[in-house]
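Shown here is one chain on its own, the form predicted on its own, set out as structure tokens.
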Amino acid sequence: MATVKGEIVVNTERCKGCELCVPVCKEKTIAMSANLNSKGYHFASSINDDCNGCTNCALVCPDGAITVYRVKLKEEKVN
């Protein structure tokens, strides 16, 4: 079976730091940045490469600040 690898991209200027995305990420890929955007909010950021592309974070984001990309990885043949 092919596996799916995901990646999130956060529009840091659109993120208002509500943190709704953090608890819905089962892979613990998202955390709030220590940095601030131009509006003074701590924004969400990716902290590891464990994203599986489930899109939960993008679905709960009230500002549409998160985009999820998915890549289907090659299947390994088992003999």
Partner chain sequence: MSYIPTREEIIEDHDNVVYERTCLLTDNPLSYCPGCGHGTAHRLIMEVVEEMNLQADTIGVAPVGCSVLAYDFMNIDMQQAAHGRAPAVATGIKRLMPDKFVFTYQGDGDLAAIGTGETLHACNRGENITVFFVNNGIYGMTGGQMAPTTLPNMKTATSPFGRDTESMGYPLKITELIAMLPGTYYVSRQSVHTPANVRKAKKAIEKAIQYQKLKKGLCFVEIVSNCNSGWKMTPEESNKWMEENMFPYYPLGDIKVPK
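Positions refer to the first chain, counted from 1. Since we're looking at a predicted model, the values are computed, not measured.
Beyond the structure shown, there is the form predicted in complex with its partner chain, which is absent from this document and is the topic of what follows.
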Exercise: residue 12 in contact with its partner chain in the model of the complex, heavy atom 4.5 Å:
no
Is there a heavy atom of residue 31 lying 4.5 Å or less from a heavy atom of its partner chain in the model of the complex?
no
Taking its partner chain as it sits in the model of the complex, is residue 41 in contact with it (heavy atom to heavy atom, 4.5 Å or less)?
yes
Mind listing which residues of 47-63 have a heavy atom within 4.5 Å of its partner chain in the model of the complex?
53, 54, 55, 56, 58, 59, 60, 61, 62, 63
